[in-house]
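Below sits a lone chain in structure tokens, taken as the form predicted on its own.
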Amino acid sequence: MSYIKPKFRHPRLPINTLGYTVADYDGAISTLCAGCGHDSISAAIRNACFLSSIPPHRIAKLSGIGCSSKMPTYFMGRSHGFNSVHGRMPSVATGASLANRELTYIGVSGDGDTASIGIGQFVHLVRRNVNMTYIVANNGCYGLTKGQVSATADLGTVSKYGTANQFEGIDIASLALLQGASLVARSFSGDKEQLEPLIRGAMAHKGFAFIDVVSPCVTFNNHAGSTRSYTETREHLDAMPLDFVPMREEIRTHYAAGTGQNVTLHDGSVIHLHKTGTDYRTNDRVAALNALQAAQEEDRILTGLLFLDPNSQDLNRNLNLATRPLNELGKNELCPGSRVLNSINEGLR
């Protein structure tokens, strides 16, 4: 099988204000399972950057470990990128943002990478209000290690191996709100009409912008008992080997603000989505937490822009750091000499 993307593009592709086409924001061909919602998220990020006319070379993509963390390979091949250790992307993102505030930082993570091994670093990234867009592709399982339930899996959901989850799932959108995130949103991978504007708004926001995206796993949540399944019917799976991934169409949906939508997944299970309405107040952190809790108690997934602080001050501004990137500073600016050092020390006495 070839993974070389053809260079041919339609000669009349639309261009943005920079003169780029959407093809200029492409990456490598995805090697994720056919029908995976993560590919829809990659496409939404690519389209959002194209529509916002952000130069690809002014974007830095950051990720950890997991199926979701492979996604940056599949969009914007001309951008900067760093694939970090499992759960440690927040440290890299913080350092990069402090060193060069002029880039647009997009962090892509998963529910395991963020809510399990990386939860400690995630919390500090939130509370410091690092200027970046942080997207979690949330499928409730570990796809790269054969389907164990993750920390965001719902209570009672059954893994592919028949083990029921005995613990309440971590709602990372609520966690981000509690820790002071200045923009919090949630969406569904198949709802591009909602997801793309949320990503564009997050990239324009000055501060930490968090988007939790429900993205069903096509391979390891494909069984009865899972609350986030997205694959072949159980009757067909009984005769399938474990390493076979059926070709499936990605599930897409479209519905108006303020309404709900029941999305039937390929195994017959249903998730209940509900969009925030025009009367929803996005500047009330407590109201956002209450709305998330109420939706959870009603077995609904609340989507849309949940909270926005329009007066956010990011970490660079709070620390009063240099506005120029460190790689643009000269020797005299970086090493001003002992006289300046002594004056700083005197000021600390």
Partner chain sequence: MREINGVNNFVVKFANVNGTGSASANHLFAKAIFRMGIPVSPRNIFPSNIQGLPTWYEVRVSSKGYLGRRGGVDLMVCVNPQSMEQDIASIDPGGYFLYDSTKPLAQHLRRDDIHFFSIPLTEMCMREFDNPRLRQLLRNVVYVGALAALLNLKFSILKDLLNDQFKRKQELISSNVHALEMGYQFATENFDCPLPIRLEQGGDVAPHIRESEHILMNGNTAAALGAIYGGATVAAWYPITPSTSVIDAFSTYAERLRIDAGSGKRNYAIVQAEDELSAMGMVVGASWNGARAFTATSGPGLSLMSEFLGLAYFAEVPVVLINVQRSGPSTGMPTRSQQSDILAAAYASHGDTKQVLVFPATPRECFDMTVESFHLAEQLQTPVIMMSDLDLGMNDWMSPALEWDDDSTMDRGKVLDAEALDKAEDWGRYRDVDGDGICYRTLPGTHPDKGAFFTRGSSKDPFAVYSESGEDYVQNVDRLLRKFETAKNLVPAPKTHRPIEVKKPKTKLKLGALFFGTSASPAYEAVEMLADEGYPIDTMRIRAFPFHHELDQFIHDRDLVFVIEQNRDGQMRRLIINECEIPPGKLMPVLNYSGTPITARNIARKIRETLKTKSADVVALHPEKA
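Numbering follows the first chain given and starts at 1. In this text, the rigid core denotes the largest set of C-alpha atoms whose superposition between the two forms falls within 1.5 Å. For clarity, every value in this text was computed on a predicted model and none was experimentally measured.
Separately, the form predicted together with its partner chain exists; it is not shown, and the next lines address it.
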Considering its partner chain in the predicted bound form, which of Val158, Ala96, Leu175, Met203 comes within 4.5 Å of it through any heavy atom? Ala96
Residue among Gln194, Asn165, Gln121, Ser150 with a heavy atom within 4.5 Å of its partner chain in the predicted bound form: Gln121
The stretch from 131 to 139, 205 to 213, 185 to 193, 85 to 93 that lies within 4.5 Å of its partner chain in the predicted bound form, judged by heavy atoms, is 85 to 93
Is the gap between Ala44 and its partner chain in the predicted bound form 4.5 Å or less for some heavy atom pair? no
Its partner chain contact in the predicted bound form: Lys61, any heavy atom under 4.5 Å: yes
Residue contact check: Leu329 to its partner chain in the predicted bound form, 4.5 Å heavy atom: yes
Mark Leu18 yes when one of its heavy atoms lies within 4.5 Å of a heavy atom of its partner chain in the predicted bound form, and no otherwise. no
Where, within 308 to 334, is there a heavy atom within 4.5 Å of its partner chain in the predicted bound form? Residue list please. Leu319, Asn320, Leu321, Ala322, Thr323, Leu326, Asn327, Leu329, Gly330, Lys331, Glu333, Leu334
Post core alignment: Lys331 C-alpha displaced by 2 Å or more between this form and the one not shown: no
Is the C-alpha displacement of Leu341 equal to or greater than 2 Å between this form and the one not shown once the rigid core has been superposed? yes
